[in-house]
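Read the single chain below, which is given as structure tokens and is the form predicted alone.
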């Protein structure tokens, strides 16, 4: 893995050279900090812990048109192919989340909408020197400098960024901005390793996951699901802002004779998610829906793809309006097992 250095004095030039590539970076919005396209002349900063909305929306939009049609007609108008994109400043946990859900979208049938965007997107990561209060990435297979899912990793060394290429896409991006870079030396690599060790040591929350995937099915009728879901208000924040959640609904919308088929994020924490036309609902209360959420991430997905569908980003803990804590739930699961 080759490495280069970018002096922060050249940051605006670096951003400018990427700006013509449909560049996305974190920016404050009405919905909080999220990845958005960078406007011409704008120079984003990377002084943040993590975004409120995960960058998955760049490849899996919250609402997207699958195709348009005329009511009563037979012709379908498919959307234009998405252009190449660069996501700048993706945290390792969010890149790893994309890598995890790649498996789902290319499982029994390829999802062309997701996979085309994913193929055209370059993920430029930013290592975590200061993990958040509720981060627990090291408990689920990740880490502050993990490169899983990334094309290029950036490490903040103070006055410079260390850039390490991970994939051919990352190598190609480095070639395009090479005039701004300088070769990294051994001291830079040692500094990176030191920062990585320090960052890992700052992660104060953890859970031992061994035994959880195998033990969860045995707790199907356990009283703990009622206990841990008692305060849940069913808002869906824990799923909408989770980087690995991927559930969606598909609807046809019409206005006059113009129509479109679209899909949008959905949540297994909503009552309507499993409501049958007959009126029957196999998950009628928040207890069953909480049980499904935990089982999906820590048991079902493990059975199917051999990886836990949680990256320890802490969003569901930080943003839950009633302070439900997934680590607390998992701790109780361990006790019951």
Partner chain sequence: MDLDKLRKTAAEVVAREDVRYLLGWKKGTFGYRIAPGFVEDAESAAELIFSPLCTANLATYLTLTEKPPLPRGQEPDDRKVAVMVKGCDSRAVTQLLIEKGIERESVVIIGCPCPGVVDHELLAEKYPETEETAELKWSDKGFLLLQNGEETEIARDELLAEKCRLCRYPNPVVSDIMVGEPVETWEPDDDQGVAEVEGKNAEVRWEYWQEQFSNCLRCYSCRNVCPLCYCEDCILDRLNPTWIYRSVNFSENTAFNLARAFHLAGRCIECGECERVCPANIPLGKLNRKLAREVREKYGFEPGVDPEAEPFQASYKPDDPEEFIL
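Bear in mind the structure is a predicted one, so any value in this text is a computation, not a measurement. Residue numbers count along the first chain shown, from 1.
If you look for the form predicted together with its partner chain, you will not find it shown, but the lines that follow are about it.
**Student:** I need to confirm a contact call. Of 31, 306, 40, 47, which residue comes within 4.5 Å of its partner chain in the model of the complex, counting heavy atoms only?
**Tutor:** It is 31.
**Student:** Is residue 270 near its partner chain? Define near as a heavy atom within 4.5 Å, in the model of the complex.
**Tutor:** Yes, residue 270 sits close enough to its partner chain in the model of the complex that at least one of its heavy atoms falls within 4.5 Å.
**Student:** Is residue 204 near its partner chain? Define near as a heavy atom within 4.5 Å, in the model of the complex.
**Tutor:** Because a heavy atom of residue 204 falls inside 4.5 Å of its partner chain in the model of the complex, the answer is yes.
**Student:** Since only the chain is shown here, I'm wondering whether residue 83 would be in contact with its partner chain in the model of the complex (any heavy atom pair within 4.5 Å).
**Tutor:** Judged by the heavy-atom cut-off of 4.5 Å, residue 83 is well away from its partner chain in the model of the complex.
**Student:** Using a 4.5 angstroms cut-off on non-hydrogen atoms, would residue 328 count as touching its partner chain in the model of the complex?
**Tutor:** Residue 328: yes, in contact with its partner chain in the model of the complex.
**Student:** Since the chain is shown here on its own, which stretch among 93-101, 159-167, 253-261, 180-188 would lie within 4.5 Å of its partner chain in the model of the complex, judged by heavy atoms?
**Tutor:** Looking at the other structure, the answer is 253-261.
**Student:** Counting only non-hydrogen atoms and a 4.5 Å threshold, tell me whether 138, 200 and 302 all contact its partner chain in the model of the complex.
**Tutor:** No.
**Student:** Quick one: which residues from 201-240 get a non-hydrogen atom within 4.5 Å of its partner chain in the model of the complex?
**Tutor:** Contacting residues: 204, 205, 230, 231, 232, 233, 234, 235, 236, 237, 240.
**Student:** With a C-alpha distance change of 3 Å or more, do residue 268 and residue 31 lie closer or farther in the model of the complex?
**Tutor:** Farther is correct, given that in the model of the complex the C-alpha spacing of residue 268 to residue 31 is increased by at least 3 Å.
**Student:** Do residue 31 and residue 234 have their C-alpha atoms closer or farther apart in the model of the complex than here, with the shift being 3 angstroms or more?
**Tutor:** Compared with the shown chain, residue 31-residue 234 is farther in the model of the complex.
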